[in-house]
Every structure is written in structure tokens, then in C-alpha cells.
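Presented as C-alpha cells, the chain that follows is alone, the form predicted alone.
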């Protein structure tokens, strides 16, 4: 066995990530951004099972060589659009010929002035995979919506990853709403083949703005996804973000919302469904740094076969953030005896004048409800699907956009069907 193979897994992955980042250094507009991120990456340990936020998630799947090969496949077809206006990226690269945006949105490519500065990145991104994204950045995109602008129709951002061998792609998206503007953005991931998508998305809502955001993840079962979502609501703004996730080889979802402007309101909702031996790890953190902000979190998970779901929701109330109102709820349903859910809600409060609540539940399908449906001539698989739909129906019914709601129901139907154990 080689010396490299004898190294701990997190050391091997860090070496691969550093080699990837160093190989991408070159002189262009993003040179300083990549160098700063590389410096952060060099002083950051990759996680292992002793890392608290990764103790239920192994990176063993990445030993297949995902960090040593860039995805270059081009054989996948584009899924049908969910909106009239769509922005398309394939393996992390912008496709202008396949994209069309309304005149009210300005599209710009990342350069040194638009990417996060080193001091901001070190506080905001935090995870080694987010810094790897910065260190290998080639084609980041920013959508700008001017002050006092209403974008009437939703805009879809399709991020497609495709290859027939273990490989990776890096995607980067920033959405910036001006003051008192309003928009709906559908962030949609699709993938074919054993590709790792390492995605970073930043949502910045200006004062008094309203943003509805969807993160739809329906990649193939053999794919991998490590995502970082940063949300920064402005003063008196309203941000609603809804995430729909289905399991694959490895899915890691790091969400960090920074409430740093008074009067901001944030709603985070999510449905995540594991099937087969898939894995989903949600790490959600909402930081209330200033007074008089409101946040709500409601996530529901369903696991079948030997799938594993992880949910860690954290609310951090900073000193001086009086008048905070924060709620967190995670509810989970085990569809089969072999499935697993590990869930932990957290409150960290440094102020007395706040209103906070948190809770989590985990249970099995109700035997009486299942018996009732079976007694009416409904087979077991269909009865379980009906109860699964009922479990998340309040979230499906609250989706504000018809196109997303129509997409979500067959998506959930497929996910629940695939979660059924082999007979």
C-alpha cells in the first residue's frame, strides 16, 4: 500500500483539493480570489467522523476520484423548463445560447470585484468545500435586480452536471436584489452519472425587498452533491426559501442565514426524501445578529429502505438581538424499518428578550391509517405513498408558484416509489 493510501481519508481529500486548486492558478480577473481561497484551504482541515457537524456523514465516496477529474460530459438532455426565462449552466459553465433572461435582470460574470473578498469569505463560507469552490472558480454568475424593480415571472437557473466517470464540477451563483424589488428564482439541479456537484449560492436581499427562492435537487441516484447556501436578508426584507431534495450517494446541504439588518423576515422550508441506501445531511444555521428579526424553519424528511437522513438545525441569538422571534421544527417519517434518521435541533441564546421555539419528531407510518387504506382495497405501496403525501402536504400546498407545485408532485411520487423496498 502506498504512503498516500495510508493517510487518513480527510488528509487524502485535502491533498486532492489543494492539488486541484493549485493546478487552476492562472493570471486573470479572478486570480486574487483563487489565491486567497487557496490560502484559507491550506489552513483548513477536511472533516472526519470526529468533526461534530460531520459525525453522521462519511466522505468515503469521494475516494473514487471525484476531486481528480473535471466533469466534461455533454450527452445529457435538458429537462423541460419550469419558467419562461432560464439560465443554463452545464458542468459549471454558462451556456448563453441556451439562456434567456428578462430585461429587468442584469447578468454579470464574476471577477475580482464581485467575488467575496478574503476577509468576507473566511467569515461567510467557512466550509472547506465552499473554499474549494472559491479556489477553483472559473465561471461564477451574478443576477442583479435594480432598486424598485418587480420581476413578474419566475426565473429558472438550471445547473446540469453530466459525465460517465467519477468527476466534479464547481457551480457558483449570486442573486442580488435591490431595495424594494421583488423576484422569484428557481435554482434547479440535475445530474447524470457519478458527478460531484460542489455548489455555492449566495442570496442577498436589499432593504424592503421580497425574494422567493426554490432549490430543487433531483440528480440521479449515483451522483453526489455538496451545497452551500448563504442568505443575507436586508432591513425589512422578506425572504422565503424552499428546498426539495432527494437522496443520492452523498448529499450535504449547508445553509447559513445571516440576519444582520433589523426588521428582516426569513422562512426556510424543506422536504427531503431518502431511498435505497442514499444519504442526505442537512446543516441549517440561522444567526440573529441584530434586534427585531423573525425566522421560521420547517423541514420534513422521509426515509425508506436503508436510507440515512441527518438534520441539524441551529438558531444562534447574538447578544443585543432583542425582540427576536425564531422557530424551528423538523419532522421525520420512517417508511421502512431499515431506514435511519439522526436529528438535533439547537438553540444558542445570549439575550433574554426573545421568543424562540424548537422541536423535532421521528416516527413510523401510522398502522391504523395504513390498515384503513388497505381495507378499502388500496395496495400497500400505494397506501404508503398516500400517507407520505399527507405527511408533507402542508408544505406542498404552501408552494406559491404553480409551475413548481406541478413539478413537485410527480417528483415526490417518484421518490416515494423508489423508496419502496424490493419485494
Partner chain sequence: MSSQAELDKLIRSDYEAGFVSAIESDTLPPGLNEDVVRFISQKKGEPEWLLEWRLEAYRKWQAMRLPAWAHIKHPPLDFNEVSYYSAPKSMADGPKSLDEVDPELLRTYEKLGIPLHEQEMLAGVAVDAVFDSVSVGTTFRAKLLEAGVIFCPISEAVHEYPELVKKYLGSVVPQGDNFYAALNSAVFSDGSFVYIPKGVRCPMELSTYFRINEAKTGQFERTLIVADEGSYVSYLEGCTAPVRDENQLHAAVVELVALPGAQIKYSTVQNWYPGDAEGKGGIYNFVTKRGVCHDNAKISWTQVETGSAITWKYPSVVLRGDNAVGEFYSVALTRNKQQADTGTKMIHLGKNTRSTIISKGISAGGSSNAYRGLVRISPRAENARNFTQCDSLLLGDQCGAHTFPYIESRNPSAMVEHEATTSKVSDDQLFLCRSRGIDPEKAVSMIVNGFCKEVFKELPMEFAVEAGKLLEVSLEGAVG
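Here the structure is a predicted model, which means the values were calculated and not measured. Residue numbers count along the first chain shown, from 1.
Although not depicted, the form predicted in complex with the partner chain is the subject of the following passage.
Novice: Residues 21, 31 and 54 are flagged as a possible site; in the predicted complex, is every one of them within 4.5 Å of the partner chain by some non-hydrogen atom?
Specialist: Per the other structure, none of 21, 31 and 54 touch the partner chain.
Novice: Pick from 63-71, 38-46, 23-31, 350-358: which stretch has a heavy atom within 4.5 Å of the partner chain in the predicted complex?
Specialist: It is the stretch 350-358.
Novice: What is the one choice in 147, 222, 342, 139 with a heavy atom within 4.5 Å of the partner chain in the predicted complex?
Specialist: The residue in contact is 342.
Novice: Considering non-hydrogen atoms and a 4.5 Å limit, which listed residue (105, 218, 89, 334) is close to the partner chain in the predicted complex?
Specialist: Contact residue from the list: 334.
Novice: Can you tell me if residue 319 lies within 4.5 angstroms of the partner chain in the predicted complex, counting non-hydrogen atoms only?
Specialist: Within the cut-off, so yes.
Novice: Would residue 364 sit within 4.5 Å of the partner chain in the predicted complex, counting heavy atoms only?
Specialist: Contact check for residue 364: yes, within 4.5 Å of the partner chain in the predicted complex.
Novice: Heavy atoms within 4.5 Å of the partner chain in the predicted complex: does residue 346 have any?
Specialist: Yes, residue 346 lies within 4.5 Å of the partner chain in the predicted complex.
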